[in-house]
Structure formats: structure tokens, C-alpha cells
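One chain comes next, on its own, written as C-alpha cells: the form predicted on its own.
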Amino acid sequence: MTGSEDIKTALTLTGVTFSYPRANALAGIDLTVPAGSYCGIVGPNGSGKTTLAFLIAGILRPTTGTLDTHGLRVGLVLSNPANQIVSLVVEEDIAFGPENMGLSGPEINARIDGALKAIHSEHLRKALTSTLSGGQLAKIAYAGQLAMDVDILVLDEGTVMLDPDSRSALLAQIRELNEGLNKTVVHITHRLEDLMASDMVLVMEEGVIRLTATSAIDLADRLSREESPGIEAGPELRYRCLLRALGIDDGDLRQATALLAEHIRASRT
């Protein structure tokens, strides 16, 4: 078993470019992603984010430059999880990858059990995929990647089709896979608020990395002072930026709000 915890770097891109027949998508990407980290990527439509996801997943190859996954296995979850579902029954869908890896029946069953346990969905094992909600389908898409024991999870707009409750639940699941199972996460989104758990956030524009920040709130603070079309900060991040501007940087939002209330009362006396 390959474990990202044994490798210091999960992903290295050096001078990576990619061109489609009628357009250049990536104009030179240099990027190092530490193993076990949570890397967020935001940017407007057409900035090259999905092309980068397909390159990391091995679906595409760089036109020039090098991309090294250091022997780690990479899994990709698309924006519409229904496009990744290949079987009528959940357990059969999760088994699809391990079966194509040539694993034995007992090992496949163990992989299904482990993947469903990791996403807290053991009760869905015999369910018909056609009856699942969008959030449940997304979880099954993740389970399919976990069953193949991937080390790097690439999420291309993985929450875009979900309602707020399902999105929150899935973001919590992604954090658990990153922190609990030490999966390296590369999360591509236009919604900066989805990346609150990330420890590295990049802004892509016109095929290049324009900005790098150490957290979503740091990036939101920077973007609030300049034009950034195509990137949604979201109400929670805007609120946290307001709190930070007032010198309140408590990670617990309720506690931070209590401190804000105290600040307001003090300013009135």
C-alpha cells in the first residue's frame, strides 16, 4: 500500500503548459503540493482549473513541462457525481474500480466496507443509485475513489450541484478524509467559502497562478481590496474579514460574534 504519509511531496508541477487545438489553456504552472495537505484552487471560468484537474488525474498530459505525482494514486471527482456512477447498485458501483484493478473478491468486499464506513454510509450499500440524492451520489463518488486507495483526491467543483445542507455535509466529509485519513486534497471551486479548511489557496487566471495564500480568509482579505471576477467569497468569509478588520480573529465564529458584541457595547460607552 502506498501511503502519502510516507512521502513529503504529493504533487510537483514544473513549467506545465497545455494547449487544445484552438486554445492555450495553461501558460506555465509551477506548483508543489505537500503530502497530506489541503490545496484549494479558485478562479473564473476559462482560467484553466478543470484542465489542471485532468492533468493531475492523468486524463491529459502536459504539452510541455513535467508533472510528477511521486508514485501516488490519484482520484478525480467531477462536478456532477452522476456522471461517475456506472452501476445500478451502490456496492457494484464502488466495486467497479477495484474489479478493474484485478483484486480478489474478498479484497473487493473489504474495500467496499472500508469506503462506505469512511463516508458514514454503510446503510446505502444495497441502495439503487437512481434513488440517491445529489449529496448521497457525491459521497458514493468519493467512496469509489477510496475503494481504489487513492492518495490524492482531486475535486473539480465537487459541491456545485448541492443544496446548502448537502454542501456543508460534504465539505465536512472532505475535511475528515484529509485530516483523518491523511488524503491529499486538491479542491477546485469558484466558491472560496468551500475552502475554509484548506492550508493553501491558489488563484488561477488565464492559465497561470496569479496569487497564493495560506488560507481562504487570507485570500478573501486580499481579494476584497482588488477586482476578482468569477470568485465568490461567500457571506461567512466576508463576515470573518470584517471581524479581522476589527481585530477579532477567533476561529470559533460564535465566540468571535460575542467579542464583536462586546466591541460594539464598549464603543457606545
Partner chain sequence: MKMTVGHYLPRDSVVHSLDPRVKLFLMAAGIGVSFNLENPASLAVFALSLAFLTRLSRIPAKGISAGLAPFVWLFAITAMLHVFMTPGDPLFIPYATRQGLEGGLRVGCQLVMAIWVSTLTTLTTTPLDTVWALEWYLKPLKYMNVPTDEIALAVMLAIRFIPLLFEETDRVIKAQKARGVDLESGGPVRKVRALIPVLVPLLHSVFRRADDLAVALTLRGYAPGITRTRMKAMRIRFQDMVALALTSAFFAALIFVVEGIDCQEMLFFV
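Remember, predicted model here, so these are calculated numbers, not experimental data. Residue numbers count along the first chain shown, from 1.
Note that the form predicted together with its partner chain isn't included here; everything after this is about it.
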Exercise for review: Given that the partner is absent here, state which listed stretch (195 to 203, 87 to 95, 170 to 178, 116 to 124) has heavy atoms within 4.5 Å of its partner chain in the predicted complex.
Suggested key: 87 to 95
Check your understanding: in the predicted complex, does A27 have a heavy atom within 4.5 Å of its partner chain?
Key -> no
Review point. Does at least one non-hydrogen atom of I209 fall within 4.5 angstroms of its partner chain in the predicted complex?
Key: no
Check your understanding: According to a 4.5 angstroms non-hydrogen atom cut-off, is N182 in contact with its partner chain in the predicted complex?
Key -> no
Check your understanding: Any chance G144 has a heavy atom within 4.5 Å of its partner chain in the predicted complex?
Key -> yes
Review point. Quick check: do L76, G105 and L128 each get a heavy atom within 4.5 Å of its partner chain in the predicted complex?
Key: yes
Practice item. Pull the contact list for 50 to 78: residues with a heavy atom within 4.5 Å of its partner chain in the predicted complex, in sequence order. Key: F54, A57, I59, L76, L78
